[in-house]
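Form predicted on its own, single chain, as structure tokens, below.
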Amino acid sequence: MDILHVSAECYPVAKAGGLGDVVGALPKYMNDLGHTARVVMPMYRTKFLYANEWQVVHKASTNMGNWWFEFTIIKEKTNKLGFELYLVDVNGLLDREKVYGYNDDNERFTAFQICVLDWVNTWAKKPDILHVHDHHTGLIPFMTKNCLKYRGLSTVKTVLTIHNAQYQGWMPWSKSILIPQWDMWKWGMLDWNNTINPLASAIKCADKVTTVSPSYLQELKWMSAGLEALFEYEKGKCVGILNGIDAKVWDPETDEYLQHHFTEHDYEAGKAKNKMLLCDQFGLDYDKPLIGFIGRLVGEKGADLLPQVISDSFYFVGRRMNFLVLGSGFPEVEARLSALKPLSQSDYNVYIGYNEGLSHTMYAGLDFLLMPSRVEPCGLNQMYSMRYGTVPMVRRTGGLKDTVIDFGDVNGYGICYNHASVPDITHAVWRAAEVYHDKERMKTIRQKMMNLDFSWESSVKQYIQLYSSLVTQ
């Protein structure tokens, strides 16, 4: 089959979260199975753009409402990512350094989708599947079915994957003129609560809808930022497929970011050396268990709870552990975490910002990874940590519930808790401090985790089966 993934992110080109990791890996594994999977995304001004060679494959002009503009599509020459990568350039809209966060994001991503469909509409052989990801590409299923100029694409099957339903791309109806001429009788396929909602539209119009874990699909029926009734109504075409991780990138034996490599057979020395690096760099006590947090410092991740959790842990559990935090996000959370640094007794530090290399070293050197998420559609961090022998401490939600079993349960290997609350998380810290000193149990847990298979192979087969069910209809 011929599959075109349309996405706002793709690692290592541009990434703001797990969406980028998924789109950077999924097509590669599809190609390994003999299919043709490609990726098209906006041409942000990133390091990857300037560090690689490109060829122009398409130039044209189009319009978005009453604005006419030219666009260019370029292709990375060597297929170094394991799939064909295409970038769409629109001067003044897509030529930005950041992926998101601009006042004209509605216009930026609407123009991107129009360019993609204009281009695909010229293909002699149309793709079998247009696979769109999150709301940034959510108008495509509607446009292929209802826009006059895309009638040639009306038979192409569309699949939507929801990585995070909290962000839906809401647009006022005044911006409906941005969408190429469409059948006005179908306005209800765009509307949700008197606004244009690209994510809701994609759920209605796509042939199949997937979420990035089975548990997240169930949670969306009662917690989806206003779309609960829609998920219940459309449940017949929805399926949860657990994300995988790129086991070639996330491999402690070959990870290019690590100074000290290891396998499941010699992890004790390898993890000890990486932990020592972290303790030396951040002034921490090597003899204490090292608990870390890696991610966005936002409420969704439970990061606003971290300052109180750390303070309460030191007070109630005692200064028996180290904490190391890596991330950026809400300024007030950053400020509160930074304010704890002077109170450290060689047991706390924080790095505010994004640092890919440091995150890899932390996965390798931490003893425990804390994930107190309020919402976690799938979560990749817990899978990375287990691959590197680091015990995840997770709230039972979404994909965390699907991938981590508490070490107190049969065949368990993680630390789980039910609520994103300071008492629950602090109790998990106490459990971590206790089990850390049980060397035999820690050894058993680490061996069990490092032999788990979270690679993409199983998930990719489920996607291929989903595509096949559409193509053969």
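Start at 1 with the first residue shown and count on from there. Not measured: the values here are computed from a predicted model.
Omitted from view is the form predicted together with adenosine-5'-diphosphate (ADP), to which the following refers.
Asks: Select, from the options 225 to 233, 185 to 193, 388 to 396, 320 to 328, the stretch whose residues sit within 4.5 angstroms of adenosine-5'-diphosphate (ADP) in the predicted bound form by heavy atom distance.
Replies: Comparing against adenosine-5'-diphosphate (ADP) in the predicted bound form, the contact stretch is 320 to 328.
Asks: Gly295: heavy atom within 4.5 Å of adenosine-5'-diphosphate (ADP) in the predicted bound form?
Replies: Close contact exists here: in the predicted bound form, Gly295 approaches adenosine-5'-diphosphate (ADP) to within 4.5 Å, heavy atoms only.
Asks: How about Tyr354: is it within 4.5 Å of adenosine-5'-diphosphate (ADP) in the predicted bound form, going by heavy atoms?
Replies: Yes - in the predicted bound form, heavy atoms of Tyr354 and adenosine-5'-diphosphate (ADP) come within 4.5 Å of each other.
Asks: Does Thr403 reach adenosine-5'-diphosphate (ADP) in the predicted bound form, with heavy atoms at most 4.5 Å apart?
Replies: Outside the cut-off, so no.
Asks: Under a 4.5 Å heavy atom criterion, is Leu19 part of the interface with adenosine-5'-diphosphate (ADP) in the predicted bound form?
Replies: Yes.
Asks: Using heavy atoms only and a 4.5 Å cut-off, determine which of Trp250, Phe71, Phe83, Phe262 is in contact with adenosine-5'-diphosphate (ADP) in the predicted bound form.
Replies: Selected residue: Trp250.
Asks: Identify, from the list Pro198, Gly379, Gly365, Pro372, the residue with a heavy atom within 4.5 Å of adenosine-5'-diphosphate (ADP) in the predicted bound form.
Replies: Filtering the options by heavy-atom distance leaves Gly379.
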